[in-house]
Every structure is written in structure tokens, then in C-alpha cells.
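As a starting point, one isolated chain is supplied in C-alpha cells, in the form predicted alone.
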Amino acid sequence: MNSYRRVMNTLGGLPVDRPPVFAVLGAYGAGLTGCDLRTLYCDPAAYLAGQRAVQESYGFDLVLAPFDFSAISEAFGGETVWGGLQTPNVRRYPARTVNEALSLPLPAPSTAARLPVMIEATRGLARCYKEEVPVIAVLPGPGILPALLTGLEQWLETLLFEPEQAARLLDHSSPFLVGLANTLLEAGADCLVFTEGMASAEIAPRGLFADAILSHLTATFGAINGPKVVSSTGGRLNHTLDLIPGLPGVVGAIIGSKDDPAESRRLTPAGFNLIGNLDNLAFASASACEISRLALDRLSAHAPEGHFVLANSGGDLPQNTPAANLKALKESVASYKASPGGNT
């Protein structure tokens, strides 16, 4: 069974030889190919080479299109800061206020700034791994996208104290996100992950998400053609998790490392897929034995129900993550399968 069939069977509730396993290793590819990060995120061929090196080294069950939200802010007029070891980040947001953000023209995905890099790298990955390894592309959730235009603090203040203005910016930015998402699907992405920070307990209360964001997710997701996963961005998701199943095209959610697995299952209907539940920070600091123990713990909690992909919960793993830890993560699914009760 290849990775594509393993993941698709898991999502569909069909038998698999073992649970799928994945780690977010976008920037990590640069270390494997000797490429600097600016080149990695500006040259589709360099990014593709990095992901091929990750795949050849570890053989995880999904490959990752560029996870680079600074490119989106840049397309609206923002500036990017480049670090030696971290993924690119936003140095200056495109707008200082929501009023300014509402005046920004929507960028064209095929031509604006570095967005074509995301699209071409996705196309290259699809050509390389079509129906062998699923390609996932990551985008900001519709409710958190305005934070890439104004900064998170400004966006939260507007949601709390000027809700009508916030609704206008959500409506203004949605067509851009729909256009980029559908372009990535046309380029060959098999599934889209939306990192919806507004659903995370660390960023917003449940009431704000339910009242100001949820209906916007419904409308935006309804205009995007492919399967979708909602991510907690590494934070806790259980406080809003029951609101996510049933959103248009949403097949699963990436829960946080601090979310209780049993509660996650209780909050979601049968057949809804759960992903993640492993802490990003542990990968660089823990031993391989500890990573193996954590992975087997999560597999024991989730895998008997099926509909589970073992993975880290947040963004890119640190570049100093030891290779032994990644190999321990990959080998944990085989160890689980061989263990008593490891039938999937």
C-alpha cells in the first residue's frame, strides 16, 4: 500500500496496513540540500528538491507545498524578514488599520510577489508524487487572514470593538483566499490545510469564534472546491472542535498537543478525521526514545478508532530536530502495528 492509498483509505474509513504519519518539514528540506532559506522560498525548483530530499530521507506519508504566509502578506504590500534558521516572517504588515486594509487591491495569485512560487512548487510536487504521496498545501484560515494584513493585535481589537468593520474586511479578503485555494487545487494539491488561529483557545474565546468567524468559514469554504482540514495552529482546539465538522468540504482537524484525545473524539462525529496531537517543541529537545514513547501514546489513544494521522500539531519543526527523532516518529507506526491491539 503506497502513501496515497494509505492516507485516502484512512480519510475514508477503509482498511490500511498502518496509520499514516507525517511531520511538517518545509524549511527542513533546505538543510538537507544545502540551500539557504531565501532561495528555498523563492525558487520552486529549490523547494521541490528540498521536499524530495525529505521524502527520500524519511518517507513520510504526505509531502508539503510551501508553508509560507509571509508570501501572502508580501502580495498585499507587506515586507518579509529572512532568518538563517526560521521560515520567513512578516517584517511590516501591508496596512496599519482595517480602513487601510479595506483599500488594498486583491493580489492575483498567478502573478503577485512570491505567490507563483507556491503554485509552481505545488505543481512540481504533484507531477513528482501524483497518486503515490498526497500533496498538501497550507493556507491561513479565513478568520485569521486579516491578521496578515494588519497584524494580530489590530485585527483582534477590530473584531471586539468594531464588528461591522471586521465583517467588511472578512468579506473583502475572502475572494483572494478562494482564488488562491482553488489555484493550488488546480495545480495538484490533494488537500488544503487552513490554519485557523481564531479557533484556537490561545487566541480567541469560543464565543468570538462562533459569533464573528464561523459563518464566514462556512461561506468561504463553500466556494473552495477540494477537501479541507482545519488546524489549531498548534494551540488547543477542543473548545471549538464541535463546531468544525459539517463545515463545507472539511474532512478533519489538526488538534493541539495539549488537547485531550478522548475529549477530541467525544466532540466529533464518527468518521471525522483527527490529525496531530504531538508537540512541535519536543522534537528538537527530546530524545528519540521519548519521541517514540509520545508517538505510541498518541497512537494508542487514537488509532483504534481509525480516521487518525499521526503528526506534529503546529508549523515547521525546528531545523535542529535530530534525524533520529524523525526516524523514531516514522518507525513508531510500524511498532504500533506490530504491538498487541495494533490492528488498524
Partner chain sequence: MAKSASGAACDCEEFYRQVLDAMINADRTKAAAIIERALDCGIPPARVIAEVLDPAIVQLGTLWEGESMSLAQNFIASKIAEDALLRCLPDHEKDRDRKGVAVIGNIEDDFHSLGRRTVGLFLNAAGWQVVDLGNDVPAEQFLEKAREVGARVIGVSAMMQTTAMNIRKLRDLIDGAGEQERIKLAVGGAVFNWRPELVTEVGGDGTTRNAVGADELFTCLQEQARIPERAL
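Residue numbers count along the first chain shown, from 1. These figures come from a predicted structure and were not determined experimentally.
The form predicted together with the partner chain is left out here; the points below concern that form.
Of the residues given (Arg91, Arg96, Arg127, Arg168), Arg91 alone sits with a heavy atom within 4.5 Å of the partner chain in the model of the complex. This chain appears without its partner; in the model of the complex, the one residue of Ala204, Val193, Met118, Ala189 with a heavy atom within 4.5 Å of the partner chain is Ala204.
For the three residues Val81, Gly234 and Lys258, a heavy atom within 4.5 Å of the partner chain turns up in the model of the complex in every case. The stretch that touches the partner chain in the model of the complex, counting heavy atoms within 4.5 Å, is 155 to 163, out of 155 to 163, 127 to 135, 211 to 219, 108 to 116. Put simply, Thr39 is far from the partner chain in the model of the complex: not one heavy atom of it is within 4.5 Å. Within this chain, Leu85 lines the site of the partner chain in the model of the complex, having a heavy atom no more than 4.5 Å away.
Using a 4.5 angstroms limit between non-hydrogen atoms, Thr33 is distant from the partner chain in the model of the complex. The closest heavy atom approach of Ala301 to the partner chain in the model of the complex falls outside 4.5 Å.
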